[in-house]
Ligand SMILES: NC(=O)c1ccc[n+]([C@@H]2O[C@H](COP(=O)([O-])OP(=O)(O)OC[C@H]3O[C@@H](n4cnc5c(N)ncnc54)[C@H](O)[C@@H]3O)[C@@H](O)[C@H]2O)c1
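Before any questions on binding or motion, here is one chain by itself as structure tokens, the form predicted on its own.
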């Protein structure tokens, strides 16, 4: 389905990004992971998994908050057919207690990072008149979550960027879509969900289970494939029926 395609995944050394890398590779794509240098050791696991599927997997150093770092990494990566803007952080805190630094850090990574990386990749996609851009937003963008207001605001920005980029690039054969994961059992979620709280959220979903990173990976494969040729500017909820708007 994706044979001959090269996917660049930001923040892809672990969690949802790593699962997306494995799913794309399972359907034929070669992978470039763009992450902070400190994640090179973690990268070895996803590299092994991708190579086990018969695809290549490379690492490029990238700090998504630095335009020069982004541009250098994209140049090193070479051809990019599929871009997955996955890099992001969440440090939960009530809005009344939020510092200016924390607000700025979340926006710099979660939202401005999408801007920098997308702008760096677009020229080559425009030149080829084709490309797939997939932005990882969050269900938090839909209605917000207590202690995660700043995070929700950044992910709402990602959804809006998705819609505008779709309109600005569609004439060049580029599609731009977002995925809004619900509660996905990554290390970040497991650190928050304990005991009764986990069971409450499980029962709140229509499917009566919380998500696995591979669930998000499946949606990414679809949006990256020719099956999604006529889909752009959309934000797809991957939440097991936790939310319906």
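Positions refer to the first chain, counted from 1. As the structure is a prediction and not an experimental result, all values here were calculated from the model.
This next part talks about the form predicted in complex with this ligand, which is not shown.
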> For the spot marked by 25, 177 and 226, is every residue within 4.5 Å of this ligand in the model of the complex through some heavy atom?
Replying inline: no
> With the partner left out of view, is residue 82 within 4.5 angstroms of this ligand in the model of the complex by any non-hydrogen atom?
Replying inline: no
> Is residue 47 close enough to touch this ligand in the model of the complex, meaning at least one heavy atom pair within 4.5 Å?
Replying inline: no
> Taking 4.5 angstroms as the cut-off for heavy atoms, does residue 109 touch this ligand in the model of the complex?
Replying inline: yes
> Hey, in the model of the complex, does residue 36 get a heavy atom within 4.5 angstroms of this ligand?
Replying inline: yes
> Can you say which of 119 to 127, 72 to 80, 87 to 95, 160 to 168 gets within 4.5 Å of this ligand in the model of the complex, counting heavy atoms only?
Replying inline: 87 to 95
> Does anything in 135 to 171 come within 4.5 Å of this ligand in the model of the complex by heavy atoms, and if so which residues, in order?
Replying inline: 136, 137, 138, 151, 155
